[in-house]
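A single chain comes next, written as structure tokens; it is the form predicted alone.
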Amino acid sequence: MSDFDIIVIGSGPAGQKAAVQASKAGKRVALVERDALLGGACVHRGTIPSKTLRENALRVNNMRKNAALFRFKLSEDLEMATLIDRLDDVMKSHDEYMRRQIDRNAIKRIHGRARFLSPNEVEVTSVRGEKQVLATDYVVIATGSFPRKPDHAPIDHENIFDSDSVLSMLYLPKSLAVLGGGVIASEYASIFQALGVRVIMIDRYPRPLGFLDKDLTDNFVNSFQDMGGVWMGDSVVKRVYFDGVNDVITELEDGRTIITQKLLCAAGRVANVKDLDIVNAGLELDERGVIPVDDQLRTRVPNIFAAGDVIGPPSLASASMEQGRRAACNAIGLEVGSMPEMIPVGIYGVPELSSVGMSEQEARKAHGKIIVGRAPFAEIARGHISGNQDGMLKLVCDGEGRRLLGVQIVGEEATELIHIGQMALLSKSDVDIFVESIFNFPTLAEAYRVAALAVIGQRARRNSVY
């Protein structure tokens, strides 16, 4: 008889939900975590730390705007510890909450480093070097990811950082080069720029966040540059090095040289399986550096499932949670529907960006004629009151101007507002629902009504029908 019905490796969003789901189904579950605290990279190095820094960046930015009005001056040498002062409390609170949840569900917590001996045997080595071998029927791998380290950018964690070490800087630098144009690069670049650091984003693609609607990325780049940042698209990095004195030198293939005090390399992430010995279980990474799974989140080995960043995009904490839950359900034979297609994307930059459903470009490709309604936050009363006028909500509808295909938002509260559109999409509501509904006034949610009226106005002109 096996020691456990299911062993979950990793306690991040995917692992936590997988363990709880399996336990609630009455299974004997073990959760193996190598770190002292639960939560994985999401809590300790990724989502929560960067969002904590973002909240404080917005406060500092607002204080700097009001410094002259109220006759005070902020220190130019801000310590990073000051900017993430609440982070330790947030992490400890989350760890405590998770421990109570795990214990309440009678899940066996095991602190140690896991490695496969076979598809049904996992060896766990404790921090004191003691080893134990656990037999199990099923395994869920939820070990997350770690930063990709390109050969041309030697990460030393003092002058050249990756996304896991960037918050270990003691002081804010005067200038920062950010390599990459993805989610992590865009979030940190705009956050540090909002803090007053001179930031230069460098990427091989013409614009950042290329998977998003062009209106959103154009707005993001304009806001970033309005704050003083520099976006350098279509630029290929040849070599990065520290000059041994003060600066980091970035050489581009076209001969240009960028000099900054520090550099953040955000060139993607790869599956964190370096200590798992997945070969012993009959597994291997694919060409993208992740564990391949089918639509049931099952790996090539029938009793082993994987979820979260370790299987690659979308690499969102929200999606990882649902993947973990579904992986556990599939492993133990609980019926579960197909994964929802309407997964909202939330990017916590300055400004925020969020999207659900089709972008305008995707809708034109799929449906030909479409109708788009926009609501600039500058035309919304709450935008004037709060000073959040730099933003926009956009509704993408079919050619008849009725069926909602997608919602795109850029600006403050975008990651909250998107859920109104998500519910409309999931319920297959016509765009008219935003006009027939009454929103609190003043709120940014009123933008849905304004954008819907813009769609209906075009519909009336196109079809002579209101």
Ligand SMILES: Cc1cc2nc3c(=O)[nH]c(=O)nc-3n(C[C@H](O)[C@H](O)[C@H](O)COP(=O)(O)OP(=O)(O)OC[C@H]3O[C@@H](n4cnc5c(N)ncnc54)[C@H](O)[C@@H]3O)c2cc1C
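A quick note: this is a predicted structure, and the numbers were derived from the prediction, not measured. In this text, residue numbers run from 1 along the sequence as written.
There is another form of the same protein, the form predicted together with the ligand; it is not shown, and what comes next is about it.
Undergrad: Hey, with the ligand in the predicted bound form, do G10, E33 and A307 all fall inside the 4.5 Å heavy atom range?
TA: Yes: G10, E33 and A307 each sit within 4.5 Å of the ligand in the predicted bound form.
Undergrad: For the chain shown here without its partner, which stretch in 293 to 301, 352 to 360, 386 to 394, 140 to 148 has non-hydrogen atoms within 4.5 angstroms of the ligand in the predicted bound form?
TA: In short, 140 to 148.
Undergrad: Would T47 show up as a contact with the ligand in the predicted bound form if we use heavy atoms at 4.5 Å?
TA: Heavy-atom contact with the ligand at 4.5 Å: present for T47.
Undergrad: Even though the ligand is not shown here, does I200 get within 4.5 Å of it in the predicted bound form, heavy atoms only?
TA: Flag for I200 set to no.
Undergrad: Hey, in the predicted bound form, does Y348 get a heavy atom within 4.5 angstroms of the ligand?
TA: Result yes; Y348 sits at the interface with the ligand in the predicted bound form.
Undergrad: Mark G406 yes when one of its heavy atoms lies within 4.5 Å of a heavy atom of the ligand in the predicted bound form, and no otherwise.
TA: Contact with the ligand, no.
Undergrad: Work out which of A317, L195, V237, I160 lies within 4.5 Å of the ligand in the predicted bound form, going by heavy atoms.
TA: The option sitting close enough to the partner is A317.
Undergrad: Identify, from the list L276, M98, I258, L283, the residue with a heavy atom within 4.5 Å of the ligand in the predicted bound form.
TA: Flagged contact: L276.
Undergrad: Counting only heavy atoms, which residues in 95 to 128 are within 4.5 Å of the ligand in the predicted bound form?
TA: Counting only heavy atoms within 4.5 Å of the ligand in the predicted bound form, the contacting residues of 95 to 128 are G112, R113, A114.
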